[in-house]
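A single chain comes next, written as structure tokens; it is the form predicted alone.
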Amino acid sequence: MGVRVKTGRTLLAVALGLSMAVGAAHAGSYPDIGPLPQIKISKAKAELGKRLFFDKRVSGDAAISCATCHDPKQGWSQNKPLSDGYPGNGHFRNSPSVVNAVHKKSWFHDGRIGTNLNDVTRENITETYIMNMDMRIMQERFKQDPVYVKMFKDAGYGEPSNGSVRKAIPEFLKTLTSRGAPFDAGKMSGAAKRGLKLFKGKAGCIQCHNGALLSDGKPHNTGVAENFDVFLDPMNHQAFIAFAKFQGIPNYMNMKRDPGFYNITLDMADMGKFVTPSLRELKYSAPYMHNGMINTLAGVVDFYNRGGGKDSRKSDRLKPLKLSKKQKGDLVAFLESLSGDRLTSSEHVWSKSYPDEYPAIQNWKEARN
């Protein structure tokens, strides 16, 4: 199951730090927003990874694929508050988009894996409430498919193997990279430009939403309300129980909140913290937050304008912003400018006409000015 909690706690307690999102007053300097880096892609490996991503045989009962919860028609996520789970249970968190996943330093809403996408792929495939696959069985399934036998060989992996699956799917994910966003292309509207000034200034969003992904990759408690469908719906609750039991979370049968980063550290100070999400491609992946409790970008801006939610451990960075209606609209316009060409299908994302090295936006700084 990827990096287990014992290892994950050690790595992530060092790798991850403080708080998220919006605060009116802030001091110090933060990394500016930048372009996404170039990525080298192996065509043969990405083509194999694409087939695996959409193949239901990757799941235990061959009923769901990676694309079930990361649907290209829904922003490579699911446009519902809580993700689907393995047939026979639900899930307890919102399905995040996998667009730009290759650029992250930690994955899952709680940041419990901070190594690489190989481990993320393994956890999603093998976890009982997600895809529930014994990878030894999966390996034998693909050995019986002559198309896969050829594709694995052409990709340089030899015969189909578990390790190669865990490498090929991340290779495909490299192709799911933002392109054509008005912000990157220097084609922002006047409202979006005003929103950018608010983002860096009065709204203070850049404290935690910075860098190429507009995320500091760190966990913060913003006081997001609990989604009690997790605990009131037995299908969702049994997935939460399976997760919490495996992670070694104390007293999980009596919990009525998502522990977030606490599951890594078991430090109560980290209860309810979640990793700052990327702001790229937000237009296509509503609803928002780790549990899908906010339906629109305007709702997200309203949430932070109020100073976040109510929680005794909420980050002290969050204060009421006192933005006017016009300023809130400008901030939404800026957030929308971070979404580019909609990647609506696997064919759109990858074809044999793409070069071996995925092109970054050229003359990025000049284009923005």
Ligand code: HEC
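All residue numbers refer to positions in the sequence shown, first residue = 1. Given the structure is predicted, the values throughout are model-derived calculations rather than measurements.
What follows is about the form predicted together with heme C (HEC), which we do not show.
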Stretch in contact, per heavy atom within 4.5 angstroms of heme C (HEC) in the predicted complex, of 96-104, 146-154, 186-194, 233-241 = 96-104
query = residue 261: heavy atom within 4.5 Å of heme C (HEC) in the predicted complex?
reply = no
query = Taking heavy atoms only, is residue 46 within 4.5 angstroms of heme C (HEC) in the predicted complex?
reply = no
ask   = Going by a heavy atom distance of 4.5 Å, is residue 57 a contact of heme C (HEC) in the predicted complex?
value = no
query = Applying a 4.5 Å heavy atom distance criterion, does residue 65 contact heme C (HEC) in the predicted complex?
reply = yes
ask   = Thinking of 75, 133 and 181 as one candidate spot, does heme C (HEC) come within 4.5 Å of a heavy atom in every one of them in the predicted complex?
value = no
Contact assignment for heme C (HEC) in the predicted complex, among 282, 271, 255, 249, heavy atom within 4.5 Å = 282
key: Residues within stretch 220-252 having a non-hydrogen atom within 4.5 Å of heme C (HEC) in the predicted complex   = 220, 222, 224
